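Shown below, as structure tokens, is a lone chain in the form predicted on its own; questions about how it binds or moves come after it.
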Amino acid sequence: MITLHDLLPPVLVHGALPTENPEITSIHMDSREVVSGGVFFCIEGYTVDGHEYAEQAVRNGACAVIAKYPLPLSVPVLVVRDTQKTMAIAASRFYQHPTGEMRLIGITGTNGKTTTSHLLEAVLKENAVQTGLIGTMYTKINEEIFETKNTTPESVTIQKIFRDMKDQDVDSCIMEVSSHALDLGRVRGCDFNTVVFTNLTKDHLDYHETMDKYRQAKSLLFSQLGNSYEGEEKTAVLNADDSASLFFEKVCPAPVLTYGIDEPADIRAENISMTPTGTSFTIVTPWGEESLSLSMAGKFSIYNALAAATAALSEGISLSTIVSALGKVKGVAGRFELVESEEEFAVIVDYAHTPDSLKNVLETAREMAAGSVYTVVGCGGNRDKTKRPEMAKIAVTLSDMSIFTADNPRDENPASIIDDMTIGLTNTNFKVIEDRREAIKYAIEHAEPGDLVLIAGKGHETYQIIKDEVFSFDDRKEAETAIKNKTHK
């Protein structure tokens, strides 16, 4: 049993704790989810202020409210300086500090988080570790999959997930950690053992404004790691080929392991061979070296494998187990995923939605294609506008034909987003087809033997967001339908 007084350290509360000390049954930041005996935290968001919903929370059964200023309510109102931070502390206390009972591995970076987390999951399973996973695609507890709203959920949700994992005997959890989550304090209270950095390229500047602020947000994962040299050892895993790693290493108190291809690193890939269907290389480490063959194409796949391998080594897993596990992975949904077809051209679906990720996958696509490369790509609405012309320029430079289309336009006009992409283009090897289904159909209808069609931006997503509505839409299924219709013409 945990009471209201147990939930919050007295130092957080502006004033004395109330005499009432009810038993707490749950904690919430959404007034609609409050149940009898729950505590409601008033969180100020970008579009919604939780203070405006405090009365509704009380009507739904809240026995106390945590706010930034006094509210005239019939239940105790505890005033604190920072409701977001207080909620993280309370959530960790309420769920009995679950990350102190398991290994927690955090992965951050602009690109590669999802693939790296799934590769690492495969390695842990090979080593007979019970795993949990929290990320862009879903939350996974052992083999059970749950839908997630954000790459990294809010602190109250995360701590509940961790407790559910521990109750189901999870030994290690791998979590994608977004820059938004770090900046907003969602991972406060998470006791990380190993943290991994993939890369830092242009993205999310609609939120962070500058690359320096974006880097600073990412650095929080490293600066908060292992400040005490007692207890379990902590490790930071950094990409030696990305200059941001120098900054992260400087702010990180914990020991560092680096990986890379081009620069000196603790774990390296040497003797690299890349083909359209996979890659092979020698993984060289302080603990020996092994030959590794991956069923995934592209230099970016090598980086993802190195990141996963280095994290696994820091977790005490043998190099032979790592190589065996990575060699068995066939791929990750929506990450350079081949759409099955009997046609003599290839169709690839990829999540690439940043300039750097689009460049990487197109360079790999060019190596694979014997003929022309068609690229179907758009940019999301209500997101970083500065990357739109960059992505379009990359597409027309590395493709024989680009088809610019809608990609989750949200509140923006899709035509305006495409205008932002194409402004200043001097190339003529592109076409605008606003309807994404028609854009995919056009590319596949024009593909000939030896060609490759890349459908970029949405990857594993099974929806399209237009204004405030979510429609079913899966690039892979749309491609399959277009291929089938072409076959039967």
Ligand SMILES: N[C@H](CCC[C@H](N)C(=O)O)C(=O)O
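The first residue of the sequence shown is number 1, and the count goes up from there. Only a predicted model underlies this, so the values are computations on that prediction, with no experimental measurement involved.
From this point on, the text means the form predicted in complex with this ligand, which you will not see here.
Contact annotation: residue 160 falls outside 4.5 Å of this ligand in the model of the complex, judged by heavy atom distances. By the criterion of a heavy atom within 4.5 Å, residue 461 is counted among the residues contacting this ligand in the model of the complex. Although the partner is absent here, residue 351 is a contact residue: one of its heavy atoms lies within 4.5 angstroms of this ligand in the model of the complex. Within 4.5 Å of some heavy atom of this ligand in the model of the complex lies at least one heavy atom of residue 380.
Checked against this ligand in the model of the complex, the candidates 81, 410, 97, 213 yield a single residue with a heavy atom inside 4.5 Å, and that residue is 410.
Only one listed stretch (400-408, 124-132, 320-328, 246-254) carries heavy atoms within 4.5 Å of this ligand in the model of the complex, and that stretch is 400-408.
Along 437-457, one residue reaches a heavy atom to within 4.5 Å of this ligand in the model of the complex: 457.
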